[in-house]
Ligand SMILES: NC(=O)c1ccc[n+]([C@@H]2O[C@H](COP(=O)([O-])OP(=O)(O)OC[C@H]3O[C@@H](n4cnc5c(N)ncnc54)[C@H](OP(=O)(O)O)[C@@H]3O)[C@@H](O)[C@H]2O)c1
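The chain below stands alone, shown as structure tokens; this is the form predicted on its own.
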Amino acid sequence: MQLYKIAKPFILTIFGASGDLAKIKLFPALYSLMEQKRLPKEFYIVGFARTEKSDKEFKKEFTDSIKENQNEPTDKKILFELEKHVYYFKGQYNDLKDFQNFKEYLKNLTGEKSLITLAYFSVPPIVFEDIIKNLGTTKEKNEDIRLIMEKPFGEDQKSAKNLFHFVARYFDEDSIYLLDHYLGKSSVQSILHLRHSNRILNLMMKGPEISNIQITAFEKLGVTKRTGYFDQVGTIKDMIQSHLMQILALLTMSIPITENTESLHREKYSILSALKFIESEKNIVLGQYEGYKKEKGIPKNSKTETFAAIRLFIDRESWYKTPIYIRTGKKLHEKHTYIVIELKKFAFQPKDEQPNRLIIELQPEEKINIRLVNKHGSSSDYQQITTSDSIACTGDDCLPEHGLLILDVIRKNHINFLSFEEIISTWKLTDSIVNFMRKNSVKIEKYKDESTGPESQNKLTEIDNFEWFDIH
């Protein structure tokens, strides 16, 4: 299979080019595209930020970030070639004059050619509107500008709706790419591909066949350098509102006959808009790791959750009374993201017999395994049989998630991006959970750093006579 390569010249403007997101994710992804010879001969990577900086300083920052965050050793020749395409512009996000000067700067840089323009928002949501307004105001007729906006999109349902209405004043919906980097992970994309191509899997993954679904996303690190952002939002808004809700939608939605953007977004929205949190303290567990308040910049009286486990339902006949358990947390014993789909047992099976399980691991390993039960001879002992295989991307077509998503933007492919309808529906659910937490002052339990999290998380699954399935 021939790899897709970008043919047309383009400009990638990175707003917030001095931030951690750009350094940790975006710059290494661009290196991978260069390494795989996916980039055209003519392209421009322009960092736009408020800090005073020369091209030379930014180029060094760019290459140093790649060396530090690339998983494998970098090639000096590839770095040198990539660096030739890197530039820097100092500007204020709320200053129209700076954007007008930036327009002239780009014309001088490119020789006034008509190029595809990608505008990447690697900035806090508070400055989204300033950048959108100034880009829209300085946009020329028929200019092809594509906005790549990284989550979070707003901070609640109301602000997400306001953002949608605001950006619609200046840009068509086709020009907007709402990015959740989880949807760029090959293992997450595999959920849909596996269901679409394997009838046996899709027959298993139906509400009437499933006793419960568990989604676990454990992180070994604490909040690191994101203290200012994280303490304002907490883990429910940071991880569950988009990343884990998207995984849940891909698992439970009806499979469209054709894999196109409209049908996929429609089916995901059908699930996300039907998610239900029953307001009871039995359905939520919150935690905070012991060392959290010792982190630089965290208030001593912070009540921000670094761990959350919630019990949800899908308000659809086909998923009636099928509980869904989601848990995620920081500073835990391991970095591990996985899905456990527990199938119903026959009525005549012994209560202590293990159920069949379908397990999809997303990180650090990417694999799928099916666990069955068997019995030999006259023995009363049952044996677990595990069939396992990797779903990791292999070969030359593998890229980090941001690299894959940039290629999608160039191809004008929205399938691995979010729709505003999906975002608004997940904020509606998230708002109901957060409002319940605040209204009822839900207890936040302390848990030891590098532990498995709060012990009371087990009470969540015990409501339905289940237990968390931990992969060891």
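Each residue number is its position in the shown sequence, starting from 1. Treat the numbers as computed from the prediction; the structure is a model and nothing was measured.
Here the subject shifts to the form predicted in complex with this ligand, a form of this protein not shown in this document.
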Just to confirm, G16 within 4.5 Å of this ligand in the predicted bound form by heavy atoms?
-> yes
Partner proximity in the predicted bound form: S441 to this ligand, non-hydrogen atom cutoff 4.5 Å = no
Is there a non-hydrogen atom of V127 within 4.5 angstroms of a non-hydrogen atom of this ligand in the predicted bound form?
-> yes
Touches this ligand in the predicted bound form: A49 (any heavy atom, 4.5 Å) | yes
In the predicted bound form, the one of Y289, F218, F121, F102 near this ligand [non-hydrogen atom within 4.5 angstroms] = F121
Exactly one of R226, H85, K367, R266 has a non-hydrogen atom within 4.5 Å of this ligand in the predicted bound form; which residue is it?
-> R226
For this ligand in the predicted bound form, the stretch among 206-214, 271-279, 69-77, 146-154 with residues bearing a heavy atom within 4.5 Å is 146-154
Judged by heavy atom distances of 4.5 Å or less, which residues of 301-338 approach this ligand in the predicted bound form?
-> none
